[in-house]
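Let's start with one chain on its own, the form predicted alone, as structure tokens.
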């Protein structure tokens, strides 16, 4: 009863930190009407992070703290809990099953049975050098009846569950958390980045009928496939928009900042649409003078790497086993999804319907103009999940309520053609 009163009378201020290869984004917010009220936004350039991995704890700590401090200054309030997103090529995921006996004669399934069958799946895992981040029920089977979303109240003798497991290599998980603790921040919950993005950009219907979410970030590309209302497959691909930038820097003999500017303002994945006489002025490596280069040549570099990224995504979708179940098509999100022509190229080689996933503005109130961009999908989804978790009574039971008097601040085509 005490926990229920707490849930009904308080609307905690929460912070979420989305740690990427190119940026760290902190959002602070709370429940606001039917949505989430954005109180503060903080952005900093990522440091000490490569392909999602923390490679320099001190620099990563500084980037996280800068982002958090900016958001807190705007919000004017200390958050009572922190969620953080995690992704990188040190993450792995797989599916497994577990079964328990309820009663030989059969009885009603209760909540404790669901916890027991899922916990049995967890106990069956032998991951000596990995940390489990999520165990997500996909569906249940009660005796011979399959595809059950929630078997509570139903009668049977055997209960089976299929779960999706997401794990992180222990050393990288430790370095990730240490970056927060060294910044004086205590993280309540870690969420796999593509699952957070899905909260922001996928509808319940898309998750039900079969949809692939592709979050193209700076250092990695996250793939998550949903079907029947649950995640069925996830994978982190060690390639992203930063690789395009690096290719451009090398090909144009300039630095990464100038290459990024060219990619965003003049880049396209359709080099054949660029005239031969179109030229660009690009700063040289020393930034001391300008050089003239062919825009068509720059776009050929971009196109080559973009096709490689799409090819890897296609392989991932093939490997998932759900290639023929994607009636909802593919949703592209993340900052690099806005590269000119990328969604059209993807559609032309995959024969799937493609759309760009933006955070839904109807789910937020307050300072939302800055966040209307796919690059903020993970952060927005993470904030919605943090608020929803608190107001979900069953989730609350598993969380220790925060102490109101205690602050958490301290010190390509073959792979896509239909068969």
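Numbering follows the first chain given and starts at 1. Bear in mind the structure is a predicted one, so any value in this text is a computation, not a measurement.
Separately, the form predicted in complex with a small molecule exists; it is not shown, and the next lines address it.
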Although the small molecule is absent from this view, report whether residue 206 comes within 4.5 Å of it in the predicted bound form, heavy atoms only.
-> no
With the cut-off set at 4.5 Å between non-hydrogen atoms, does residue 211 touch the small molecule in the predicted bound form? no
Considering only heavy atoms, tell me if residue 242 and the small molecule come within 4.5 Å of each other in the predicted bound form. yes
> Is residue 235 close enough to touch the small molecule in the predicted bound form, meaning at least one heavy atom pair within 4.5 Å?
Replying inline: no
Of the candidate stretches 276 to 284, 179 to 187, 116 to 124, 258 to 266, the one with residues having heavy atoms within 4.5 Å of the small molecule in the predicted bound form is 258 to 266
Only hit among 167, 339, 109, 223 for heavy atom within 4.5 Å of the small molecule in the predicted bound form is 339
Heavy atom within 4.5 Å of the small molecule in the predicted bound form, from candidates 41, 386, 375, 60, belongs to 375
